[in-house]
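Shown next as structure tokens: one chain only, the form predicted alone.
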């Protein structure tokens, strides 16, 4: 009976999610320009649901002080208070409101993950395209250096670097962005190698255009589709890495709210049948799934395939 009830809840959750995705797609079509509305009409319900989840998370991150009922680090009561009208999701081990910290966690975890991914893409893309454009010794030197860095497991490398440089936000951003830029380098270089051989690149070289112009005006616009899809995937990996580091105590430091550390701080409640620690874990999983839904749609559009 329990299995049938669980299956029923899963079916209901899927139907509600698809219905919410359909409603959000209709809303986007109604408020968008004609060209964008045509794009949204082709979006599957899974991608529409992913866009809805991303929009909700973004709103929580931007308007966290307006949505959260209490302060981010405000101690309100005893530890592990149960769910109530005052504390919707109870309190954590120090007596802070879990719902409030869940909202602020969207700002901290998602915001820092986006910043890290953006920095990694800026650096990795420019270096990768530069290596493909120059070729020869420069390409080999940069590629072998990246191979050495990629040979080291990213989580172990992150732990080592954060132990050396400290666990402040600046160190966290720079270390993970540097590690992740090696993966972006490989993708950008592979895409650019196919572009630099085309005739219009040769024509630009004959016109005497400099390297920066070739990268920004000629190569990058034609490599945006696969790189944009890769950006979504990289964001998921960075997001999960930050959460893992925070769970181990090396990510965002107290009193900043972070979903990974929230799981660690409230893990004792699982022994008593309380699902509170699973809520931030579910928030991590939901955003990861939503981003992958959108990335799959973008890859499908970039491939030129038709349903």
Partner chain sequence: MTKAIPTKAKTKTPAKAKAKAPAKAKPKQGDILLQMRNIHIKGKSDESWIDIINGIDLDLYRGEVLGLIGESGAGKSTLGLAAMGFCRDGCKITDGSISFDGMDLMQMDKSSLRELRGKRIAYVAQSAAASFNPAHKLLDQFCEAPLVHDVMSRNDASQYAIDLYDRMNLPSPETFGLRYPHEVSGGQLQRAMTAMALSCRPDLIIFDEPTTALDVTTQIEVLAAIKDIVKEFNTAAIYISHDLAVVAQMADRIKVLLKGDEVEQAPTEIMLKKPSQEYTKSLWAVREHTRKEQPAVKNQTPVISIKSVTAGYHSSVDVLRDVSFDIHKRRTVAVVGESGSGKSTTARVVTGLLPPRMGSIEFQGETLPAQYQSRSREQLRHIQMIYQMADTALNPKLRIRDLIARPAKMYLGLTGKALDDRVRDLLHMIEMEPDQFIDRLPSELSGGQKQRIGIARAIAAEPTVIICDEVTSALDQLVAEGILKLLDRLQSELDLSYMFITHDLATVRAIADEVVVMKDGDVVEQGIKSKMFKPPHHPYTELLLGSVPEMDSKWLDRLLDSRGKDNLGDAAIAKMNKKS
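Residue numbers count along the first chain shown, from 1. What you are looking at is a predicted structure, and each value in this text was computed from that prediction instead of being measured.
Same protein, other form: the form predicted together with its partner chain, not shown, and the subject of what follows.
This chain is drawn without its partner chain; in the predicted bound form, the residue among 203, 141, 122, 190 with a heavy atom within 4.5 Å of it is 203. Contact between residue 170 and its partner chain in the predicted bound form is not found at the 4.5 Å heavy atom cutoff.
The closest heavy atom approach of residue 212 to its partner chain in the predicted bound form falls outside 4.5 Å.
When its partner chain is considered in the predicted bound form, residue 42 lines it closely, a heavy atom lying within 4.5 Å.
Though the partner is left out of this view, residue 135 does not reach within 4.5 Å of its partner chain in the predicted bound form, counting heavy atoms only. The stretch that touches its partner chain in the predicted bound form, counting heavy atoms within 4.5 Å, is 214-222, out of 124-132, 81-89, 174-182, 214-222.
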